[in-house]
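First comes one chain, alone, set out as structure tokens in the form predicted on its own.
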């Protein structure tokens, strides 16, 4: 039995700059590798903690409106990110070797684009979202865990 897929689903928030890759890009492509991660803490979460079937809030960062814009799902196990070996990619890493790759990714599948953006300001001001990592000052990780309670509440806000 594969223990990675037999565990109960976990919840995440994954950030992307919309001019790089947006919720609309994912909606069009349906499934996409979440590449370009170059942070060891995030790489370790991808490797050790993410599982097929996990739920994800799609978050637009560095945008006109910053916030949660949709939902996606993890649909693959972690595997080597090919962009680390491509000198023409936006995220090459000449130190990473194919026989022992440094960077990993997972594939994500589009679930829904929300009718409205739940802005970072809303997330910060809502007492029901206290403790959500993305709202903490200095939080810069591109992927963070989210509690089931926070995940469900953000989805509810997005549809209100």
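Numbering follows the first chain given and starts at 1. Owing to the predicted nature of the structure, the values given are computational and were not obtained by experimental measurement.
From this point on, the text means the form predicted together with the DNA, which you will not see here.
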{"property": "Location of the DNA contact in the predicted bound form, chosen stretch of 24-32, 57-65, 44-52, 107-115 [non-hydrogen atom, 4.5 Å]", "result": "57-65"}
{"property": "Proximity of residue 140 to the DNA in the predicted bound form, heavy atoms at 4.5 Å", "result": "yes"}
{"property": "Partner contact for residue 98 in the predicted bound form: the DNA, 4.5 angstroms, heavy atom", "result": "no"}
{"property": "Contact label in the predicted bound form: residue 129 to the DNA, heavy atom within 4.5 Å", "result": "no"}
{"property": "Residue contact check: residue 102 to the DNA in the predicted bound form, 4.5 Å heavy atom", "result": "no"}
{"property": "Residues of stretch 27-41 in contact with the DNA in the predicted bound form (4.5 Å, non-hydrogen atom)", "result": "39, 40, 41"}
